[in-house]
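One chain comes next, on its own, written as structure tokens: the form predicted on its own.
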Amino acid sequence: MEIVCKSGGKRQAIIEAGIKVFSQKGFHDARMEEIAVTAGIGKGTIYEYFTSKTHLFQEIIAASVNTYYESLATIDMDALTLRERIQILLTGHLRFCIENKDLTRIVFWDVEIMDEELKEWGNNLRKEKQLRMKEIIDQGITRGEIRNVDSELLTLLVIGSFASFWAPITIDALVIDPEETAKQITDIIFNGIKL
């Protein structure tokens, strides 16, 4: 199926085709020829925009990360409580997974078969996300919003709860309301499961 991209031109058509092919075939089994056919262009045209399959894949992931962070850019996070921040970030994460199932599948499912360059690049993105969350948690501790806990451990717990939803949403077709689900998860994080 050829991708027709009215806005963004050939580069955007290549990215959209790449998402489609990578999500169906995985990184290693996807071929640039398939991406070109899906985008409705010649294979050589891809190389006018991207130097390699790895470069295209990285651009797809980078664009998705930017889209995710841009969706949160209008919110004054510093004015919010830790609870509100986590709930907003989780809502955004869940909404992103729902609205970008193909992209989510690529990011999470293909990670074990990526080459070393992609693994290192992805690991750096993970560390950056982890650092941002730790800073948010440290601010919450400093403000006295939560007790003084190991912020690294809490960061891993919170990010782990975010990450645990990709497979049920993208593979099992779990249908959720992102806002309500984020509210419930945030409540569990802050209040636990004790009666």
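A residue's number is simply how far along the shown sequence it sits, counting from 1. Everything quoted here is computed from the prediction, not taken from an experiment.
What follows is about the form predicted together with another copy of the chain, which we do not show.
S.K.: Of these, 61, 167, 37, 136, which has a heavy atom no more than 4.5 Å from another copy of the chain in the model of the complex?
M.R.: Contact check passes for 167.
S.K.: Counting only non-hydrogen atoms and a 4.5 Å threshold, tell me whether 119, 157 and 160 all contact another copy of the chain in the model of the complex.
M.R.: Contact check passed for all of 119, 157 and 160.
S.K.: Tell me, yes or no, whether residue 45 is in contact with another copy of the chain in the model of the complex, where a contact means a heavy atom of each within 4.5 Å.
M.R.: Heavy-atom contact with another copy of the chain at 4.5 Å: absent for residue 45.
S.K.: Decide whether residue 55 counts as a contact residue for another copy of the chain in the model of the complex under a heavy atom distance cut-off of 4.5 Å.
M.R.: No, residue 55 stays farther than 4.5 Å from another copy of the chain in the model of the complex.
S.K.: With heavy atoms only and a cut-off of 4.5 Å, decide whether residue 81 touches another copy of the chain in the model of the complex.
M.R.: No, residue 81 sits far enough from another copy of the chain in the model of the complex that none of its heavy atoms falls within 4.5 Å.
S.K.: With the partner left out of view, is residue 12 within 4.5 angstroms of another copy of the chain in the model of the complex by any non-hydrogen atom?
M.R.: Because no heavy atom of residue 12 falls inside 4.5 Å of another copy of the chain in the model of the complex, the answer is no.
S.K.: Does anything in 176-192 come within 4.5 Å of another copy of the chain in the model of the complex by heavy atoms, and if so which residues, in order?
M.R.: Result: 181, 184, 185, 187, 188, 189, 190, 191, 192.
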